[in-house]
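Only one chain comes next, encoded as structure tokens, the form predicted alone.
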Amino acid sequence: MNHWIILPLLLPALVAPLIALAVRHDIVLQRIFSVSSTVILLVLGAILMWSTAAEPVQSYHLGNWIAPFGIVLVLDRLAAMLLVLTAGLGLAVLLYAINGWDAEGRHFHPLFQFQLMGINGAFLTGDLFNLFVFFEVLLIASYGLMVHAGGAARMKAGVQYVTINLVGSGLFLIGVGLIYSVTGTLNMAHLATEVGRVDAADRALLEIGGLLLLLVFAVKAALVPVQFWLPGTYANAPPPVAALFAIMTKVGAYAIIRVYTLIFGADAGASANLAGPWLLPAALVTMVIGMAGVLAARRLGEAVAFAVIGSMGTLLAAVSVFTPEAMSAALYYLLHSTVAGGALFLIVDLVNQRRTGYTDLLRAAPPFAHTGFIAALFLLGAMAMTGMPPLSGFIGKLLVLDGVRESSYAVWIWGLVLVTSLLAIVGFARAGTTVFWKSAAVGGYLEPARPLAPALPFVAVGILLGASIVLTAFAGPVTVYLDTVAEQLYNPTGYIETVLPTSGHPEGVRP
């Protein structure tokens, strides 16, 4: 048993209370512990990702309890890749936050570590109940981060965020309860062998449970009709937190990918492809609403938040086709949209800090410090997010268009991807010209309200934009790796046999 698998959970779980209890009065030590932990998580993720080349699926049975009776963590290529993505984004965000954002309120670093633990746990868990548990860890930590530094608007958005997520948690419990009532298990690998054997009389309960889970995951992924919480939450969150939240919607996308390829995949009998008929129309409408929102936004932060919604629509439209080619494209788009969204939220804060009295409102204002350089960073981020060549967004959308071309709904997906890309380009062009170009013609000069931090915030933005450039430059090797990830998702035999090594169908589990 590979004990390294549990370290992405143990490390932040130990560092968070250590920071909160032992060094809570020393911000420098908090930063040292938090950055060190995140760097180690990045190295761990890389090691685990490398280990999946030799052993594609690995399991960790806590307390040596065999599945499906005990708690199991499962590492496959998808989980390993997302661990690296989480740690990489987290490190960039942390470097940005230590410019002073982390000292604006209390307990930023412990909450940040708990957030990383919850995200890593959601990617590694092998059963639905612990997926629910890690969702709750995420909710608690993200609410604390959301209201960090206070403010009425932030508190209002935080309450809305918690309320919608608590409703989602209730539905999650009902969903897993229905599934457990007819299968007798919540272990994902065991469910993959059981859902096809459910009696016809019980199938309605199983499918209602499966669709309730889809609704819960849609809340996390900001999918229509439950996307309304995201613009207010992300636009009002502290910018480094909003940048970290770029991975939060991907947790919802991950849950959809995992559950509806493994449990309700092609081998699920009469319940196969349960999500497909619901997911595609929701994704297409999400794409339109998100990119139209970019066009209608009144603040730069709102434009980025709506772009995140639109990108989730693009990603899940590819997922909804449920073919290996489309899934590989969706995973590339997932990587791209996470780093591009994170970079843009940080750039918005660079603008906010310098436009005293104007913040990120789309109004012409006098020039401010580093206007030209920040405008160049914004241009790169916007090009990546909207899918303009030559950055990763362009390649991601090309892969999506190519991956869905065999689908009977290809015309709809192609048409809406192209139209919404145009909407996003116009929206970001409008925002950029108002904040940077038109402002250059306004007389005067805006002094920042407080001293600006040294170069570290620009380094953090550079890391994320650099990741987008790396995704572009190494698109070939990246897509080869993603093809193996998609192939593994659609051939779950290795996953099931690794988690249930004896028979794959333990006796005495079904009620």
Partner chain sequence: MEFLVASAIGITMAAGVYLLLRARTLPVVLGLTLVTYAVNLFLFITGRLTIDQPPVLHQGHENFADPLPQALVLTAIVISFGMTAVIVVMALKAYVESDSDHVDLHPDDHGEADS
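Residue numbers count along the first chain shown, from 1. What you are looking at is a predicted structure, and each value in this text was computed from that prediction instead of being measured.
Omitted here: the form predicted in complex with the partner chain. The next part is about that form.
Of the residues given (414, 437, 180, 278), 180 alone sits with a heavy atom within 4.5 Å of the partner chain in the predicted complex. A heavy atom within 4.5 Å of the partner chain in the predicted complex is found for exactly one of 198, 375, 117, 186: 186. Across the options 367-375, 249-257, 172-180, 326-334, residues that bring heavy atoms within 4.5 Å of the partner chain in the predicted complex belong to 172-180.
At a distance of at most 4.5 angstroms from the partner chain in the predicted complex, all three residues 132, 156 and 163 contribute at least one non-hydrogen atom. Contact between residue 104 and the partner chain in the predicted complex is found at the 4.5 Å heavy atom cutoff.
By the criterion of a heavy atom within 4.5 Å, residue 352 is counted among the residues contacting the partner chain in the predicted complex. Taking the partner from elsewhere, residue 204 is found to have every heavy atom lying beyond 4.5 Å of the partner chain in the predicted complex. In the predicted complex, residue 267 stays away from the partner chain, with no heavy atom inside 4.5 Å.
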